[in-house]
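Shown next as structure tokens: one chain only, the form predicted alone.
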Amino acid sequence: MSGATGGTAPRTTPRHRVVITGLGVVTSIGTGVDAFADGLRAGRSGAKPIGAFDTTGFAYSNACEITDFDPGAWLRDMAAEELGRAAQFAVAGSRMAVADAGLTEDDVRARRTLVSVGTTDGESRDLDHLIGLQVAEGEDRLDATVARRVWPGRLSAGIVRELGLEDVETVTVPTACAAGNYAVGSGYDAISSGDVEMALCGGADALCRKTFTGFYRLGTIAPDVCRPFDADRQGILTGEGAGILLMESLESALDRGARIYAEVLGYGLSCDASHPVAPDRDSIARCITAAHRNAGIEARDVDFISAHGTGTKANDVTEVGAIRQVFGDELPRTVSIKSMIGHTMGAASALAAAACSLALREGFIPPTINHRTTDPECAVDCVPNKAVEARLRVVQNNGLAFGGNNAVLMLGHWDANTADNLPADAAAAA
């Protein structure tokens, strides 16, 4: 991936500008673009008691679980039992994104395509099941069908099989909670360089006992709801879902008269590896600066930030400190949709990118819900509890992960009536 990292020179103009023309989302506040957008505007909460696994022995057990997902509604050529839940989410999101872009499967098959899906857990939900069987009944009782689907590569390979793609590059990105932005960045590189014509990129993860228990033992699971930036925040709620973005060149989108949600302006990456779980302020700041440089913008151009915003004590203070290091005292509005959909792990920054794309096109900033009192140590305008209307030009989407993996994505508004949005050849055609 060629996204900017700390110390790199400003970007050169890419061969092709890259735009987002289709969105596929599976979340606890709504599946599909319209339901998701409605949920964001309404400040809907996906929090509920966990039903995916037995929570006996835990003092509290809320999560943002999806309870109305039917894989049979989206799978045409594969049996649902061939795929784990995360791969089912990814395939459903891809089908939605293709349809939302006004394309058919044949249209996508006819183009050189990249499929890139980020994840934290892969199919750990299935691994939980297999380990439970092994402990309770022995290795000879393991379910072969479930065992075959635990390979994380199936999150992207499942999309390829279900859509029947042949001229395709397939990648599963395992950079944990920043993986969605990494995947979108890989799509940006591939399209802008001319390596592919189209990309289906994003992230997917399913609720699982392993991850819930890990965060619980770290003392970072909230007892009721997630309250990013709040003085009374107590941690995350785990979540699940998928966000898949269909991306193509601006020329391609204009040629076929596609609706454009947003332009991908660039991205930045950093990996400090300074601590297994604690975020590093300076590394995050370098990542933000690299993203601005790669996108060819200044900090003052950013209209709002979709923060990683987990609602833990450490993340929110450190992330806001890094933002302040780059932006100074005048911070743009900074929100966290994890307050609504929970922490969806590898899907988190991809779903946030979808939310940012909707915000840019529809002219609103989603709220940070469950908010009562802003913590002075991470004082931002988090758009508390109610969405606001806003004319947006540039949006920043932060994705931060354990191990110091950081990815910041920059998106811009695209307006067919504004000549400076077009390269010279496209402007002439328009």
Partner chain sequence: MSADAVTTAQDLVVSGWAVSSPYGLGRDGFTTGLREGRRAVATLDSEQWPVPYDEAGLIPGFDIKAVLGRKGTRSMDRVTAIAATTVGMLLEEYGTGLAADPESTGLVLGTSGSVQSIMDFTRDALTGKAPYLVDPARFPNTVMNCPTGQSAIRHTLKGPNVTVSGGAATGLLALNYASRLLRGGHATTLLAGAAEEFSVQRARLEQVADHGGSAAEPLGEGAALFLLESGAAARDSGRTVLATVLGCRFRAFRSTGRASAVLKSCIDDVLAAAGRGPDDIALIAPGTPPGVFGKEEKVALDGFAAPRLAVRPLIGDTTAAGAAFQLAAVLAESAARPELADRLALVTAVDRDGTVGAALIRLG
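A quick note: this is a predicted structure, and the numbers were derived from the prediction, not measured. Positions refer to the first chain, counted from 1.
Omitted here: the form predicted together with its partner chain. The next part is about that form.
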property: Proximity of L250 to its partner chain in the model of the complex, heavy atoms at 4.5 Å; result: no
property: Non-hydrogen atom contact I284 with its partner chain in the model of the complex at 4.5 angstroms; result: no
property: Close approach of G153 to its partner chain in the model of the complex, 4.5 Å, heavy atom; result: yes
property: Its partner chain contact at E166 in the model of the complex, heavy atom, 4.5 Å; result: yes
property: Selected contact from Q88, T310, S357, N294, since only one has a non-hydrogen atom within 4.5 angstroms of its partner chain in the model of the complex; result: N294
property: Contact residue in the model of the complex, chosen from P223, G72, G257, P276 - any heavy atom within 4.5 Å of its partner chain; result: P276
property: Region of this chain that lies against its partner chain in the model of the complex, out of 321 to 329, 336 to 344, 121 to 129, 96 to 104 [heavy atom, 4.5 Å]; result: 121 to 129
property: Residues from 237 to 274 in contact with its partner chain (non-hydrogen atom within 4.5 Å) in the model of the complex; result: Y267, L269, S270, C271, D272, A273, S274
